[in-house]
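Just the one chain here, laid out as structure tokens, in the form predicted alone.
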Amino acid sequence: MSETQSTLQLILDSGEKIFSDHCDKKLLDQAEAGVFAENLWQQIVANGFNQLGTSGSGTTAEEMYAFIMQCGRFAVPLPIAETLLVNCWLEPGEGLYSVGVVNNGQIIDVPWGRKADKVVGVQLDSDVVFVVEQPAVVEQRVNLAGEPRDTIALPDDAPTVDVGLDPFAQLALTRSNLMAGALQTLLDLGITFAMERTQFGRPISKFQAIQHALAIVASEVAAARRAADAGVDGLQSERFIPEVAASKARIGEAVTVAAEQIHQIHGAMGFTHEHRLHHFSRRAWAWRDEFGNEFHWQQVLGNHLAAVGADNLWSFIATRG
């Protein structure tokens, strides 16, 4: 195992231990009720996970996005992806940071904006972001999964910073990785339920229809994981935008297929609040629409391929980097 692989495995193993100990259904239910997971956040800070990917951390962007994918696998109810990006864009700090989209003089859809020490506003097709210290909450809202998505006031004199690489696309890539992680858990939950649930004297995993459904989900999970990795591989290359576009669009489609199949496998149980399934399927659905849904990114990819031209299309598709 190389040093890079060893570091990544250490990050993922440590993160899994923390999330397994702290991120249970009770915590997720409390988060939906508006309770901030303070103990979990302190564990993340204490272990330095809020600094992953920054220049002084000794870690890479690839390791940061792998950790974000793991956060999706546990449905971590914190703005970790946003904090990580802000620490990469600006001077790294120890606070809780978040990011939203600039719209009509405000910053909307800010994860946990009500708790953030700093909020950054991004714009479509712009490398420049707005930085708001001590953000003022205009409205508290939630997304489909019950995650806080607040509206923050954008002062006229808010400073701007050029982050150098399309921040909207970077945020879309975080959602790709979060969705890929959540899809893995959906598959795991489906397999476990099919093995434990009995019908006509045997586990439903023995029925061909259930096996077929699980195979469909497994293929979607594999495609999502590869699409997320391809987006990360495109960082700092001229292919970054089309790679993110393909990643976000493909994983959005995977969420649609996989969530439907897994809910059908669970039957009525999958639609109850008491079961854990909804914490992952609703997050996947919500993340699918954040920072450009699959239709938005399909259009971006289509425009890019059209600009490449018919003579160069196959070369572009068959070449990496």
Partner chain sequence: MLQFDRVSLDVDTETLRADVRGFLAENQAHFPKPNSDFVTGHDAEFSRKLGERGWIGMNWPKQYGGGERTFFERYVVTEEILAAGAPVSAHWIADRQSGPLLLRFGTEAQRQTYLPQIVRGEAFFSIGMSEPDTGSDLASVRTTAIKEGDEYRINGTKIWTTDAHRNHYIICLVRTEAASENRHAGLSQIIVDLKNDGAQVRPIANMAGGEDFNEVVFEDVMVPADRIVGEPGNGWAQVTSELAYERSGPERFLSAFRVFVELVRACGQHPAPHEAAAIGRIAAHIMTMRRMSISVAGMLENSKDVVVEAALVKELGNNFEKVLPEIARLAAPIGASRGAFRETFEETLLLSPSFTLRGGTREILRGVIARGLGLR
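What you see is a predicted model, and the numbers here were worked out from it, not measured in a lab. Residue numbers count along the first chain shown, from 1.
Below, we turn to the form predicted in complex with its partner chain, even though it does not appear here.
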Are any of the heavy atoms in A136 no more than 4.5 Å from a heavy atom of its partner chain in the predicted complex? no
Indicate whether F271 is a 4.5 Å heavy atom neighbour of its partner chain in the predicted complex. no
Consider P242 of the chain shown here, and say whether it contacts its partner chain in the predicted complex, taking contact as heavy atoms within 4.5 Å. yes
Interface membership of K206, its partner chain in the predicted complex, 4.5 Å heavy atom rule: yes
Exactly one stretch in 76-84, 117-125, 185-193, 147-155 has heavy atoms within 4.5 Å of its partner chain in the predicted complex; which is it? 185-193
Given that its partner chain is left out here, which of D289, E62, E260, E32 has a heavy atom within 4.5 Å of it in the predicted complex? E62
Residue (of A246, V129, L96, L171) lying close to its partner chain in the predicted complex, criterion heavy atoms within 4.5 Å: A246
Can you name the residues of 215-235 that have a non-hydrogen atom within 4.5 angstroms of its partner chain in the predicted complex? A215, I216, A218, S219, E220, A222, A223, R226, A227, D229, A230, V232, D233
